[in-house]
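Given next, in structure tokens, is a single chain: the form predicted alone.
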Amino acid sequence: MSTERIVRVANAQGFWGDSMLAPIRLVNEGPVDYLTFDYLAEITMSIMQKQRSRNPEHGYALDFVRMLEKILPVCKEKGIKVIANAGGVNSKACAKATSELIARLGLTGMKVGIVEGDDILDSLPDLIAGGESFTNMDTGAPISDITDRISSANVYIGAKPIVEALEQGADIIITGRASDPSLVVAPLVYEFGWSMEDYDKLAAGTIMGHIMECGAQCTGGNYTNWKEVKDFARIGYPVCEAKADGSFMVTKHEGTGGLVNIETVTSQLLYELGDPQNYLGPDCIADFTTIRLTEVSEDRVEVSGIQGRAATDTYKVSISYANGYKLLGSLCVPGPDAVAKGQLIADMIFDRLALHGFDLPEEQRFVEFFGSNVLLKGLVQSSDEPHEVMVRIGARSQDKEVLSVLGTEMAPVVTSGPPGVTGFAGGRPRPQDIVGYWPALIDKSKVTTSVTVNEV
């Protein structure tokens, strides 16, 4: 029987809004050494920045603290460490709320660490003046196009400062925009003493983090062969059993729902993947073509053979900016001739907008007849006339007033359009801000991270 040391890392949140049951079940239903929480997507940072502008004590994932309240006593008892990028744009406030919770629960001797340095919004003008271009990676557009509209700017930092927090004894580590896989790389570097220049092992940790970063998507969630998946209500969240040589086992707690096999793991490996030989991260470049998957037993897939190379000399930066407004409303339209009625309704709403004196170009309009094969249009043929459709009508504009007027003309369709229109109980739609996404790069030497660990 092998006595080789294993470190178990589990991911309890795949995004901000994932099931609050996940961390509770992970800490109670089986062995875990580290629990990671991956909250942040590109748009999330801008939302948090807006929340902080309204309340200086906000700007982080508020439900993270609510989750901790349910699991911290068990984590302390079992020695489970927590690593979360829940700090958003206000890691200090998140750490303060966490420390207050620990005190309120009567838990002593726990250390809370925060990693900062990813938020470069305030220093952006100086960085630009110093030569950083922040050219849009997708379009090649200059940052000057949006400098007066930027709402957030965050660097995807790596594992090194998280490792520093672990070395200082932190039980809970809160970061801002740390790279998703780096949350997983850090505890492996710390536990196994890996060098930050051992790129094969860093690549293994990066791929392990990639497999787990979307939560249950690697354990049967969002899986094509969904009929094979057992008990979606109690789907098991991912647990990876890592070894010092960089190999690891993808699994879930025994007795839970879901499914782990080569296909579910492969599905997640291919998720959001660009060049498989050059998966770029702040810690290394991982080569996905070197991965070997072995189905060892039921719900256990071994991952090995991973190779990596040194990371680039730049970090990715996620910049958000104000990009106008959008509006979306919906109406339910019954048959017969539901699609024809829906088209008439859409045309008349935009024609009435013109009667108000507003001209909205076609490319800024959105019309969809949900129920008429729109999701698989062009892929699956359907000649059946639907008995009913949901008409979704929307638009985008730099002029908020145009959209406000458009919203006022949706409800009147119920009494002044074709017969049978219903489903407007949600009220008049109102314009919402559009948050634009601007990906860019920054020289690593221009980014300084800091680590603070305090005992509660």
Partner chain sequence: MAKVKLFDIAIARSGDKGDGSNVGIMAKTPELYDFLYEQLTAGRVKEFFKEICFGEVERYALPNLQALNFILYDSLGGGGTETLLTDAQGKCHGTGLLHMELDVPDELLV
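Quantities reported herein were computed from a predicted structural model and do not represent experimental measurements. Numbering follows the first chain given and starts at 1.
One more form of this protein, predicted together with the partner chain, exists but is not displayed; see below.
Exercise. Which of 275, 148, 254, 122 has a heavy atom within 4.5 Å of the partner chain in the model of the complex?
Worked result: Exactly one listed residue reaches within 4.5 Å, namely 275.
Exercise. Pick from 91, 268, 98, 154: which has a non-hydrogen atom within 4.5 Å of the partner chain in the model of the complex?
Worked result: The option sitting close enough to the partner is 268.
Exercise. Check 43, 291 and 368: does every one of them have a heavy atom within 4.5 Å of the partner chain in the model of the complex?
Worked result: Yes.
Exercise. Exactly one stretch in 50-58, 394-402, 413-421, 23-31 has heavy atoms within 4.5 Å of the partner chain in the model of the complex; which is it?
Worked result: In the other structure, the partner sits against 394-402.
Exercise. Does residue 167 make contact with the partner chain in the model of the complex, using a 4.5 Å heavy atom cut-off?
Worked result: No.
Exercise. Closest heavy atom of residue 435 to the partner chain in the model of the complex, within 4.5 Å or not?
Worked result: Taking the distances in the model of the complex, the answer for residue 435 is yes, it comes within 4.5 Å of the partner chain.
Exercise. Do residue 221 and the partner chain come within 4.5 Å of each other in the model of the complex, heavy atoms counted?
Worked result: Close contact exists here: in the model of the complex, residue 221 approaches the partner chain to within 4.5 Å, heavy atoms only.
Exercise. Counting only non-hydrogen atoms and a 4.5 angstroms cut-off, does residue 326 reach the partner chain in the model of the complex?
Worked result: Residue 326: yes, in contact with the partner chain in the model of the complex.
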